[in-house]
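Below sits a lone chain in structure tokens, taken as the form predicted alone.
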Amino acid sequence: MEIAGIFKYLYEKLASTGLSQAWVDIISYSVAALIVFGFLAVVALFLVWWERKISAHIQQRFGPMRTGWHGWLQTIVDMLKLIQKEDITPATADRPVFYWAPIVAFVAAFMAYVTIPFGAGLIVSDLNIGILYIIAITTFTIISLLMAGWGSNNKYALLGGMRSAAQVVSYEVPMVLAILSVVLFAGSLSMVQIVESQAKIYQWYIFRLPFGPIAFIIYLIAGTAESNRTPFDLPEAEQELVAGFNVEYSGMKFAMFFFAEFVNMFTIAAIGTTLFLGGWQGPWLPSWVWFMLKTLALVFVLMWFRWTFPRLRVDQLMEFSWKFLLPVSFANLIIAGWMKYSKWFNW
């Protein structure tokens, strides 16, 4: 087991106290989990406020302004309101499935951050299969949405859950192929080693012509679909499904779905930064500052997408994945392999 960066010091201190290995692991990882959870809670609150302001400016209005400076307290007030709301379970719901669905969504969104490097040494665990772990753990989101749709015993919720299953499975394939083109060049599944292979700005994989920009665009489109955001928000589709898979949820359970959505958006941006934009690499500023700047820039792009493009029809959504993105992804992976082994641009 390896604990990197800021967690290494804590781990070594605990080990020197004479505690058993099991207790050292439990305490060190519990502290790491609390730190990451606190960070993600703040990030999610900020992103909700930021999206409100971005959408407002796109639509030539101010957004929240009254509660706090430029409305920064509005999201906190909304969070407190959701916590206080009554938790209602439909009488005909499948109670165990209905109860666990938002928890699975929340945990899946949270667990991805075990292997995401926030800076030089700022990582919980540098697994040698880091990106594979992230792909696997984030797939649990689809299970949570199916659970929510089925457990609600509501036809609109069930339709939203089934749409989600079809959508996530469809866009997972081109997304993984785009990631594989980077893994092929980096020669490793470790997130840290992928970042270290992009030491110079001209080595960032987004600049590796011709496969880099194509892989990045495919990843960004598929990531938008994976996080169920417009123009790929068919699982929710408020105008058609009365909120889709989460229609029967209230209070804290609804807040957990809402939290998971914004954390997943940040996750997509963080992985994109790590794979294509050099991760924490950058001059002068601390490594974590570069990571956050790049990640928030990608989050802004995802928000820009949402408030610019209309929702696709379900047939358009599926055809776009299987008939366009998938062939392009395979072709791009072949080009990346040819570039790698022909030593073309192999800096």
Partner chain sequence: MSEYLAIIIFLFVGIGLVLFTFFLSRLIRPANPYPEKTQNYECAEPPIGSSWIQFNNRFYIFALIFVIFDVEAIFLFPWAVAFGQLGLYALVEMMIFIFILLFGLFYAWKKGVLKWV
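Residue numbers count along the first chain shown, from 1. Remember, it's a predicted structure, so these values are computed and weren't measured experimentally.
Not on display, but discussed next: the form predicted together with its partner chain.
Using 4.5 Å between non-hydrogen atoms, is S197 touching its partner chain in the model of the complex? Residue-level check for S197: no, no contact with its partner chain.
Taking its partner chain as it sits in the model of the complex, is E261 in contact with it (heavy atom to heavy atom, 4.5 Å or less)? Contact check for E261: no, nothing within 4.5 Å of its partner chain in the model of the complex.
Indicate whether L10 is a 4.5 Å heavy atom neighbour of its partner chain in the model of the complex. No, L10 sits far enough from its partner chain in the model of the complex that none of its heavy atoms falls within 4.5 Å.
Please run the contact check for N154 against its partner chain in the model of the complex: heavy atoms, 4.5 angstroms, yes or no? Yes, N154 is a contact residue.
Do all of F106, S125 and E248 end up near its partner chain in the model of the complex, with near meaning a heavy atom within 4.5 Å? Every listed residue reaches its partner chain in the model of the complex, so yes.
Of 272-280, 67-75, 205-213, 252-260, which is the one stretch near its partner chain in the model of the complex, taking non-hydrogen atoms within 4.5 angstroms as near? Stretch with heavy atoms near the partner: 252-260.
Only one of V114, L220, A120, I143 has a non-hydrogen atom within 4.5 angstroms of its partner chain in the model of the complex; which is it? Flagged contact: V114.
Need the contact residues for 34-54: heavy atom within 4.5 Å of its partner chain in the model of the complex, sequence order, or none if there are none. Stretch hits, in order: L34, V36, F37.
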